[in-house]
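One chain comes next, on its own, written out as structure tokens in the form predicted alone.
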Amino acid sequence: MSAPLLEIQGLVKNFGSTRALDGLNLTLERGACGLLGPNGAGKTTRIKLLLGLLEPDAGFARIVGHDPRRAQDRLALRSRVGYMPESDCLAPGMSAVQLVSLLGELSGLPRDDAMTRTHEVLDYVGLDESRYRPSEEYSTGMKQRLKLAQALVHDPPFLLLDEPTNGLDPKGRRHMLDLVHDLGRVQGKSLLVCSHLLPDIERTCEQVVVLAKGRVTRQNRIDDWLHKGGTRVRIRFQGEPEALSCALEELGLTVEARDGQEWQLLVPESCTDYDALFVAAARHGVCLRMLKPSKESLEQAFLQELGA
């Protein structure tokens, strides 16, 4: 079997009296993963440690088989990892072509190959008509796409994307999410996406890691987390609530929320026949007027995880 994409064991990082990471343990296989956590949870610190931009106080990490504490491994990481930072990192006076090709060379590409790849990735992110303009003239959305282009120029198998939709309007956000989704689901890149916008993670990732107080509190496939314990459905009924409660109890169904005569139920995975629910309700003199699946959002699950 191939080695994990990412291995972290006992990672500790302190900033004075503040402990940003507190014995972090994590293993990630290839795929698209979202990194979630409240402010101060250690998300950006972890990315910087993985890239060798910070030294850990204890523990270690391996990213695509390399140890970022070692100088020679950090050089190897440049060719295998693409990093899109949250804050702007664009050199003033340089066009997109100049900036992206330079970063391609710094990642190990020969000059001609770096230039060829630069034009390919600028076309891919939609900056083909603006490639020769100085980057300081770019809009926020164009700057975000330029940062993505420089992360892609050397065609790395693993991308670290820190707040890729930061500051974007709805149209720019949709375009960026389409690109990130394509990279993970169509291009086959492995992704670690750090975002405070949970719908963005739900749109682009297959699994999620939650950090809180410098530790991993949850690691799940998103579908498994959202459908834990069964399927949620909303029903609307006509009749006595007590009678419906008796019918639901007979079937082993749990009522999670009540809003007048519209309830949300948790239906176990073993229960796949909703006809039994209609029959049981009718037997108790209750008429079901609506039954509709109710998908829990990642934001709801995240807030429950944090106890918010």
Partner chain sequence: MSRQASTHTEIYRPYAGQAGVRSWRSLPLARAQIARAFRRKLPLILFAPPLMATVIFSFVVYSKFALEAGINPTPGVDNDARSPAALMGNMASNLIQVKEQIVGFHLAMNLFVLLAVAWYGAGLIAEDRREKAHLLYFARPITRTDYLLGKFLTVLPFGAVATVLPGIVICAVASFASPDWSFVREEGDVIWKMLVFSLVSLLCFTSITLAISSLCQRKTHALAGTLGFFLLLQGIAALLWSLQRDRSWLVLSPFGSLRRIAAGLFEMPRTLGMRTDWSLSGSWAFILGLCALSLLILWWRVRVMEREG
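These numbers were taken from a predicted model, which means no experiment stands behind them. Residue numbers count along the first chain shown, from 1.
Note that the form predicted in complex with the partner chain isn't included here; everything after this is about it.
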Determine whether any heavy atom of residue 249 comes within 4.5 Å of a heavy atom of the partner chain in the predicted complex, and answer yes or no.
-> no
Would you please decide whether residue 48 lies within 4.5 angstroms of the partner chain in the predicted complex, comparing each non-hydrogen atom pair?
-> yes
Using 4.5 Å between non-hydrogen atoms, is residue 193 touching the partner chain in the predicted complex?
-> no
Examine residue 161 and determine whether its closest non-hydrogen atom to the partner chain in the predicted complex is within 4.5 angstroms.
-> no
Just one stretch in 163-171, 83-91, 193-201, 217-225 has heavy atoms within 4.5 Å of the partner chain in the predicted complex, so which one is it?
-> 83-91
Has each of 99, 151 and 154 got a heavy atom lying within 4.5 angstroms of the partner chain in the predicted complex?
-> yes
Of 231, 207, 79, 130, the only residue with a heavy atom within 4.5 Å of the partner chain in the predicted complex is 79
Residue among 256, 55, 242, 262 with a heavy atom within 4.5 Å of the partner chain in the predicted complex = 55
